[in-house]
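Below sits a lone chain in structure tokens, taken as the form predicted on its own.
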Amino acid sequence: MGNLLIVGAGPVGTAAARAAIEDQAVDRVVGVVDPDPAARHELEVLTGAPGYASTADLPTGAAGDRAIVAFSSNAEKVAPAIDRLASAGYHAVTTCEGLAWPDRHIWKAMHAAARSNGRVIIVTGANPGFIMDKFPLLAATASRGVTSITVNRRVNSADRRLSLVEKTGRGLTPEEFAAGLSAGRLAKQGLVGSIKLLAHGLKWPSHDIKESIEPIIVDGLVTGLDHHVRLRSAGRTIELNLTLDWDLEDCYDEIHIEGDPPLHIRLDGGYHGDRGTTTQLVSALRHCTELEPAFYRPIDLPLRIG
């Protein structure tokens, strides 16, 4: 099966390491990479693996060795680390939202790193990676002449990891929210990437995209946010609507597809983002040893059951 390296010892990397071992997707964890010794301590104790401050310090990987990279949403920060991993002999699976639809120069760099080193690099997750791109795209294959896709996602942030709660701006004043949004500290990254993945899968142009993010305010303070992305393409539309709010009731994921036949899919309670991300990561780890060396975005992966 091969060994596993965890790059980013936060809640996502920790949960994925546990699941990969439980599901026998890997033999063992052989390293934990995080610049913060306190952050990587739990995984070091859990796995008995050594800790490293940087991917530059790693030993060379053996055939089949893989890495989960979950330390940032920023493609410019994550891409160099993945390049070093591939050069050191590791396949890489990452949750980096910015790599779901990266700038052209990063896309080319990731392909070059994968192919020149004979390694597989996969971007995955719950969103982007499944619920707002791969899943609706799969559903759209069941309808002819699709003219619109709308995805509505309502998430109770009280049931999610702290880092995501912080991105909703909970507890901020409206002025602080506006400043944080302008500085790029707030809102879930990846919705624009998801809508571009959907358009690409449908073979629709994706030039006309509009995005809006508004705070949800209760008693003068922010409790969450509404995030909307809309794409128009020759009379056809894609809309992604995400609400992240504290103690939100009536949570669900919903897909509306206008075509022949029209489709309406609703997941009551919604697809849990943290647990869903863990599932997507473990699945992608298995794909690493089955695919040709390349860089794979979420919709590039083959659909396989088992």
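Remember, predicted model here, so these are calculated numbers, not experimental data. Each residue number is its position in the shown sequence, starting from 1.
In what follows, reference is made to the form predicted together with a small molecule, a form of this protein that is not presented.
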Interface segment, criterion being heavy atoms within 4.5 Å of the small molecule in the model of the complex, picked from 92 to 100, 172 to 180, 198 to 206, 231 to 239: 92 to 100
Touches the small molecule in the model of the complex: Asp36 (any heavy atom, 4.5 Å): yes
Residue contact check: Leu4 to the small molecule in the model of the complex, 4.5 Å heavy atom: no
is_contact(Ser72, the small molecule) in the model of the complex, heavy atom dist at most 4.5 Å: yes
is_contact(Arg115, the small molecule) in the model of the complex, heavy atom dist at most 4.5 Å: no
All of Val12, Ala126 and Lys167 within 4.5 Å of the small molecule in the model of the complex, heavy atom check: yes
Heavy atom within 4.5 Å of the small molecule in the model of the complex - the one residue of Arg154, Arg161, His227, His111 that qualifies: Arg161
